[in-house]
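Single chain ahead, written as structure tokens, the form predicted alone.
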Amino acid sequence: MEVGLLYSRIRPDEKLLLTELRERGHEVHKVDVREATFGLDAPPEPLGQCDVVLDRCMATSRSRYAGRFADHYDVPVVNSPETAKLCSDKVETTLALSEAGIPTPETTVAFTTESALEAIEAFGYPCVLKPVVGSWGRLMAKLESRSAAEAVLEHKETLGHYEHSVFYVQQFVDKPGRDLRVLTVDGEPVAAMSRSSDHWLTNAAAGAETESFELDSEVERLAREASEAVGGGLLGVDLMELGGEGGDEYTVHEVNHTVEFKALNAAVDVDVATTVIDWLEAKVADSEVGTDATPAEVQP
């Protein structure tokens, strides 16, 4: 199997995947998207010979466009451009989850600071203002008062970028000091962990403590359905518990399409990279089933 890896930095997650791929004898073509160029007619030289491409770009724009070009070249890409489009935009994710009947925090989107302030006041305090694009909890604000809301909205208006003119206002969920991350491959849970912090943000990248989480039937069901709602693939589904730790009700607040898993890998007994590559091999093998063409008959 020949695997393309789209990246902008080789993180511990990518090192785990690369090690597993090479130990199995697969040929890996690394493509640094900061240096590659993508034309309409032909792919960058390594990509054209790949059986599958793994999108591991850090920047949302690079991820979406590079993956879209791979699809344009008829090279299978994980995750698909459609999934990347949905997951990279919080508005798109929320709509997809809601349309699939999956519980997700109450959300209002506004397009001016005036209407955003009205939405915030309607929610009451505290509530959360999030950027529509971003990860690791960056630029998220827990608004405790009207004066805080006015200050944050003024800052966003001053920043000027069009994404800061889309105001994504969300219910503040009083979670029990932790949230849950489930890594799935086409909806099948691989492993899960809790992320705990004294801060209201519980991202592992922000220093939250992680430990293995034993899946119950409801979390497993929601992870499967959330994956299906955004098109499947290699995903990180994030949930919060309602009613305190150990409750049996959950809300899905995010689905990540270029999911990091080094913290998860350290927290659980499962070898995440091994399981992911098992799935990737099976996915490529399945795509070849049913073809009667011999290698000599396949057109370039």
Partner chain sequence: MSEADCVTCGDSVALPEDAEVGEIVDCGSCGTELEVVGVDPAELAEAPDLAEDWGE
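Numbering follows the first chain given and starts at 1. The model shown is predicted, which means the values in this text are computed figures rather than measured ones.
The form predicted together with its partner chain exists for this protein as well; it is not shown, and the discussion that follows is about that form.
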Tell me the stretch among 265-273, 45-53, 26-34, 66-74 that has any heavy atom within 4.5 angstroms of its partner chain in the predicted complex. 26-34
Heavy atom to heavy atom, is residue 283 within 4.5 Å of its partner chain in the predicted complex? no
So, residue 277 and its partner chain: in the predicted complex, are they within 4.5 Å at any heavy atom pair? no
If you check in the predicted complex, is residue 242 within 4.5 Å of its partner chain, heavy atoms only? no
Indicate whether residue 155 is a 4.5 Å heavy atom neighbour of its partner chain in the predicted complex. no
Full three-residue contact with its partner chain in the predicted complex, heavy atom 4.5 Å, for 91, 142 and 229: no
Any residue of 172-189 that, in the predicted complex, places a heavy atom within 4.5 Å of its partner chain: 181
